[in-house]
Ligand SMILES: Cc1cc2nc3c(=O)[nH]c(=O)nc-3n(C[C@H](O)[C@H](O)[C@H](O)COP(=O)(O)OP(=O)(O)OC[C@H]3O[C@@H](n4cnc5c(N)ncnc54)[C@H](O)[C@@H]3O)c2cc1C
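Shown below, as structure tokens, is a lone chain in the form predicted alone; questions about how it binds or moves come after it.
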């Protein structure tokens, strides 16, 4: 796949004003839906964007859950409340991106931390989240997350095999901006108790699946949902009453008597959507291969408003690792993200300039690649970028995943001098020499006046020693490889309120439609990453809200 194809570049009350404004709204949405139908038809080979009500339903249930990652929390919640729930999964395995994650959930003011005598509060959490959201999330969403998160964690523990603990993966490094007002270094990141080392995403998903099925839920794999089924009520409002999926190669219609819960992941594997929506190119992803924007498109076709579509969960990857992974529709690795924090390393652009705190959190770092030059040919000043090392990380750590006794991958260059390394990588040698000379003077003093590396306790893994991440590049041989902006997944989608109801452009709930996770426009909530598990925690909390609301909905006939 050529580079050009990959690079993307409060609930409100219903108006009581009478018929005319409401009629105008219906006409608008009808026209919008028609336009979406045409636009989607082009993308899907002239297929309609939503399905008419079928003559016969292949399956009837109370709730249809689309996706089996964090959305399983919603399915569990509805099932425990007595609803009949069927989860439809596109792939042959359950879990989505959560299934190969660390399995950590970032939940402020949770009862797990309280049991370990770690103090938090609703007010403290909202202070931190308000700063984090950067005005890109309604206060209603922040409050809904902070209030529902602890409830969700307790509920999941009570109704599944999950037993939570304060995260051992994150340790004293849980909040990614520990110096901000309202932040904490430890306690908000929680994980399932697992008697092994490593990442716990598989266990998190397995415990949720078992709990969901024990509560009466059903999972159908290899059953991709393609469209929502809508009908117009007597009052002229369109409602979602089910889905059209495919099963065993044939259309498969499922009636959702209480509603549909979209939890189908983001659009990280739809590079056309990424190119048009994101704030900058992110050609590689660690997201699950099935995350192609299905939930977002279905919500759009039903008349949903969108939020947070310019945002992703950012990360850095080695291009040489990521390129072949894209070819095989596999996720990249965390190697570059972890290794650029090493003492004796820096990141530079083609001019040899540093442009980031290399040890900062991965999501914030993603933005640093997209500085735009508004002169000459124009373009992103910091793409391409390169991760450089001296001999210390090679001797004491890892480079591109290779330990001291392992051969380096072919995409890593080695040179006896910085000038030679610059020539091999296409970096301006004079610029690199100047940058390294300045960096080395200050790194020897454990200082970085240019980008403040090591100042945050996050940079130091919660430790006091800045030498964990700061040391001069002065010991040959030198090593380098191209790195790239990438993502763990996108985090924009259908606009929702504090009850996870999908809203139209006028702020009205679309009857029968709910959303959570990376196909909902929630994010952290907002534009940035709160801490370890900052993708999973909000997704689980809004899935819980969706399940709770769906269980309350009146049953509708087909």
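If you're wondering where the values come from, they're calculated on a predicted model, not measured in any experiment. Positions refer to the first chain, counted from 1.
One more form of this protein, predicted in complex with this ligand, exists but is not displayed; see below.
Contact with this ligand in the predicted bound form, judged as any non-hydrogen atom within 4.5 angstroms, is confined among 411-419, 453-461, 374-382, 82-90 to 82-90.
Site annotation in the predicted bound form: the residue of 469, 435, 223, 484 reaching within 4.5 Å of this ligand with a heavy atom is 223. Only one of 69, 493, 525, 512 comes within 4.5 Å of this ligand in the predicted bound form through a heavy atom, and that residue is 69. In the predicted bound form, at least one heavy atom of residue 290 sits within 4.5 Å of this ligand. Among residues of the shown chain, residue 78 is not one whose heavy atoms approach this ligand to within 4.5 Å in the predicted bound form. Among heavy atoms of residue 150, none comes within 4.5 Å of this ligand in the predicted bound form. Under a 4.5 angstroms non-hydrogen atom cutoff, this ligand in the predicted bound form lacks residue 317 among its neighbouring residues. If you check this ligand in the predicted bound form, you find no heavy atom from any of 212, 228 and 241 within 4.5 Å. Scanning 87-101 for heavy atoms within 4.5 Å of this ligand in the predicted bound form gives 88, 89, 90, 91, 95, 96, 97, 98, 100, 101 in sequence order.
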